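Coming up is one lone chain in structure tokens, specifically the form predicted alone.
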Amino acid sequence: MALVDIQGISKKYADQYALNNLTLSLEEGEQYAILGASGSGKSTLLYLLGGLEKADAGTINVSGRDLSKLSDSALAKYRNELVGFVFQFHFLLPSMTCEKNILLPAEIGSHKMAKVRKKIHDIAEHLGVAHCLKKYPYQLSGGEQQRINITRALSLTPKLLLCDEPTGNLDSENSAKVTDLIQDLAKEFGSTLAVVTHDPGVAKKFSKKFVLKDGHLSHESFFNQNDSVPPTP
């Protein structure tokens, strides 16, 4: 069953198409890698799925919601209720402890705080950063900050977990660990996972993957001859 149904979407910046008449579906509970070079449209696709931007044409339907018809306030509610974001840069507020950073989406959405607080402690324990919750972001390493970021993204059990180059600032060892953690937790929570990456090493961990090139789905392999895994929609 498709959680996300994309039909003929286009997005243009100035005179350049970031996405051009793209059609795609993402199945509920599945995990996808979205590959492509810089400027291929992969991050734009993620922002459209997350309701951070609107397409110029076409429709994006997520769990029965047509994003093109939602007001700004309805999109904010959609993001809070259905979507979790993990970005390459952590966007943690330096004046707040990590725990308060994680709890912000729950406070905005008027969720039951005691239940969410227990959940984030469980997730942080699983990710090995429970000891970081009372610290400030600047007191953490890059890997710890990213795990706090993941904890925040999963704090409200999103149906759709969107990750934009989540390992871009990490070394290869931590990159593999973070990718494994994201995949394991998404599976545990039943979230549909979409990870944007330009790293074939990260993408090889996914059985479902597709390549974007110049705003279109491409049938060209993003992998070299030694990596014989073809992209699959």
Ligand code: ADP
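Just count from 1 along the sequence shown to find any residue number. This structure is a prediction, so every number in the text was calculated from the model and none was measured.
Beyond what is shown, the protein has a form predicted in complex with this ligand; the following relates to that form.
Worksheet item: Would residue 31 show up as a contact with this ligand in the predicted bound form if we use heavy atoms at 4.5 Å?
Response: Residue 31: no, not in contact with this ligand in the predicted bound form.
Worksheet item: With the cut-off set at 4.5 Å between non-hydrogen atoms, does residue 37 touch this ligand in the predicted bound form?
Response: Residue 37: contacts this ligand in the predicted bound form.
Worksheet item: Does at least one non-hydrogen atom of residue 51 fall within 4.5 angstroms of this ligand in the predicted bound form?
Response: Result no; residue 51 lies far from this ligand in the predicted bound form.
Item to complete: Consider residue 22 of the chain shown here, and say whether it contacts this ligand in the predicted bound form, taking contact as heavy atoms within 4.5 Å.
Response: Residue 22: no contact with this ligand in the predicted bound form.
Worksheet item: 166-174, 40-48, 55-63, 186-194: which one contacts this ligand in the predicted bound form at 4.5 Å, heavy atom to heavy atom?
Response: Looking at the other structure, the answer is 40-48.
Discussion item. Where, within 13-28, is there a heavy atom within 4.5 Å of this ligand in the predicted bound form? Residue list please.
Written reply: Contacting residues: 13, 16, 18.
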